[in-house]
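In structure tokens, one chain follows: the form predicted alone.
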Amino acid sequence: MNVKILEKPLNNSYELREVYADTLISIAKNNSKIVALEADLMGAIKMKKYLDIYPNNFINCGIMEANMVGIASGLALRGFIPFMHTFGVFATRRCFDQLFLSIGYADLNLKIIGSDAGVSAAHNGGTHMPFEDLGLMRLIPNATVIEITDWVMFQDLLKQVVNIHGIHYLRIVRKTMLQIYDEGSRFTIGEGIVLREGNDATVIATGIMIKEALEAHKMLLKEDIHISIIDLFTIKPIDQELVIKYAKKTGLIITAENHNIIGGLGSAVSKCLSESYPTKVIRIGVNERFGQVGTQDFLQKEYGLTAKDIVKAVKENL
């Protein structure tokens, strides 16, 4: 891993959907085996530019996600490398049986981009709001499950997974994210990244909750509380060594995820520690709720996914 953490995170305007299209175009220049599959969301993910350049390596499968997985499995059997995108709920829950059997059980190659992660679905509402996708994908044997932190990571990991066989689920927001890492950073799948050091507690976060964790760090410093922050972007396989190291260091772990507290990051960390080094774990995430329509800011407050919620959890459990 060769990661450089920005001293001051940037509000970069490079949308992750643009990153997806631009990076796939770049990869396809030297790899004719790349095929992009869409479920009638080409506009939502900005893939028209890819279609214009590689019309023979693009298939719009319509709003038929299970069938799209079937097409992907056929392509994979013929030696192609399918990249499949749709909203996270439809990329996982709607076609889970096909992913499990036609790809996982058959040991085929598929790169799945699930967009509008959690509350970032915003005005698309509860029907389009995945709070369970990470849990589902963790259940597939040998699947790699990743939640993207910023555009720099997304660009690098897209280039990496094209050369690694198997199912890779990359969970993203479609629009902008706070830029945490400097351009040119290289990430290692399966290894977490320590963003801040502290001895009082450790916050392990992913996705949009990295921004909240960093803000919580600033707030807690004013009260002389020092927390470590870990970006555990690979949820499966989990970086067990790093999780245990910081459990021993601080004795208190807070997980923060834009996902149900069951099945995702909190569950993965709790399982790791309960089996290897029992430690108090407090899970911040969606708890027994369905999604709803609203702005992302409103929804983060509604579901307790803010820096203030992290601060409260740390202070109540020190």
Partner chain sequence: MKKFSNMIRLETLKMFKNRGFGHLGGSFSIIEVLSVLYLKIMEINPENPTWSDRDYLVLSKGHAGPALYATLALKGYFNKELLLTLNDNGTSLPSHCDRLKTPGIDMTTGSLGQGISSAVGIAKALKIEGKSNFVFTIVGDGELNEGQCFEAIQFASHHQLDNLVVFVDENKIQLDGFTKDISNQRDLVKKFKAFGFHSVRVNGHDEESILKSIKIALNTKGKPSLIILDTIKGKGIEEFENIVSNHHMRFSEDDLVIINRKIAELEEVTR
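Residue numbers count along the first chain shown, from 1. Everything numeric here is computed off the predicted structure, so don't read it as measured data.
One more form of this protein exists, namely the form predicted in complex with the partner chain; it is left out here, but the text below deals with it.
**Q** Just to be sure I understand the contacts: of Phe187, Phe90, Phe100, Tyr181, which is the one whose heavy atoms reach within 4.5 angstroms of the partner chain in the model of the complex?
**A** By the 4.5 Å heavy-atom cutoff, the listed residue in contact is Phe90.
**Q** Note which of Asn60, Ser270, Ser276, Asn31 lies within 4.5 Å of the partner chain in the model of the complex, where distance is taken over heavy atoms; exactly one does.
**A** When the partner chain is considered in the model of the complex, the option within 4.5 Å is Asn60.
**Q** Using a 4.5 Å heavy atom cut-off, which stretch among 248-256, 278-286, 22-30, 39-47 contacts the partner chain in the model of the complex?
**A** One stretch meets the cut-off, namely 39-47.
**Q** So, in the model of the complex, is Gly304 in contact with the partner chain at a 4.5 angstroms heavy atom limit?
**A** Gly304: no, not in contact with the partner chain in the model of the complex.
**Q** Taking 4.5 angstroms as the cut-off for heavy atoms, does His128 touch the partner chain in the model of the complex?
**A** Yes, His128 is a contact residue.
**Q** Does the 4.5 Å heavy atom contact test between Thr295 and the partner chain in the model of the complex come out positive?
**A** Yes, Thr295 lies within 4.5 Å of the partner chain in the model of the complex.
**Q** In the model of the complex, is there a heavy atom of the partner chain that lies within 4.5 Å of any heavy atom of Met64, even though the partner is absent here?
**A** Yes, Met64 sits close enough to the partner chain in the model of the complex that at least one of its heavy atoms falls within 4.5 Å.
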